[in-house]
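Before any questions on how it binds or moves, here is one chain, the form predicted on its own, in structure tokens.
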């Protein structure tokens, strides 16, 4: 689906999601990213609002000056002119020490508390309907980084009342559950960016809530595509559409070959 911003320019949902994610990354912060959308968002942020964002890759690249989009977390470009070429152990230890502000994750399912499933669909682990790759480093990153962002398409198959398998912890079953599980207070899910809206989490209930709707999207559309009761934040706003310069940077500098935004 192509979305228009008045009569000035056009953009597709993936471009919008990448730009929304990039806007959330603050200057001077650290972010553990993977390839694809997370990397595109980090590169976009560095070229717009967060030039001093320090990007780290799971395979060991620390603060590279990414010339073009890498195709894996171990791609040589993830070390290009970086501060350090280290290992997965060092990156995970950095997260464990509380030095990683943001991470990006995804999955096949997400529930109201931000728990993620990237393992299987079905109720029998030995014989699932669908088998997915599993955690990789997702559980570690969500457990240890301060803020977890998720970028995903919004539909009721993904946004479910209960995940079929808990691969990656969000707020588990509600307030205090992360702390009871031994995870550091203050860490956890932060934002969910979809093709319909931007969601956050209520400070007290820890349940997901709509913060802003994308241009032309209604609350009914969001509710229809969500498999659980979704709260609405006070002061609901409309997401700012991509600007012309944001789109130029994304298309010409970040992803000129369309690896991400061409999906």
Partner chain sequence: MDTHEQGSGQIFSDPSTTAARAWFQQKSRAMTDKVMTVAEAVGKLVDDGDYVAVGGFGGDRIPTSVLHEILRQEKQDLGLSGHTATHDFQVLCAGNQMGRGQTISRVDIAYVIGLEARGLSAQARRVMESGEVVFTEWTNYTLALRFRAAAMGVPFLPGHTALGTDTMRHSAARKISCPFTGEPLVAVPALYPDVAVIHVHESDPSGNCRIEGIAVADLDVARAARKLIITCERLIDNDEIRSNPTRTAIPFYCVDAVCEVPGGSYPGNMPYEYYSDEEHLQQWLNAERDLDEYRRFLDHHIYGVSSFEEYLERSGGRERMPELRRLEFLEDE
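On a predicted model such as this, the values are computed, not experimentally measured, just so you know. Positions refer to the first chain, counted from 1.
The same protein has a further form, the form predicted together with its partner chain, not shown here; the description that follows concerns it.
For the options 108, 192, 172, 100, the one in contact with its partner chain in the predicted bound form, meaning a heavy atom within 4.5 Å, is 172. Proximity to its partner chain in the predicted bound form, defined as a heavy atom within 4.5 Å, holds among 68, 212, 221, 205 only for 68. With a 4.5 Å cutoff on heavy atoms, residue 140 counts as touching its partner chain in the predicted bound form. None of the heavy atoms of residue 161 is located within 4.5 Å of its partner chain in the predicted bound form. Its partner chain is not shown here, but in the predicted bound form it comes within 4.5 Å of a heavy atom of residue 59. By the criterion of a heavy atom within 4.5 Å, residue 147 is excluded from the residues contacting its partner chain in the predicted bound form. Taking a 4.5 Å heavy atom cutoff to its partner chain in the predicted bound form, the contacting residues in 175 to 208 are 180, 181, 182, 183, 184.
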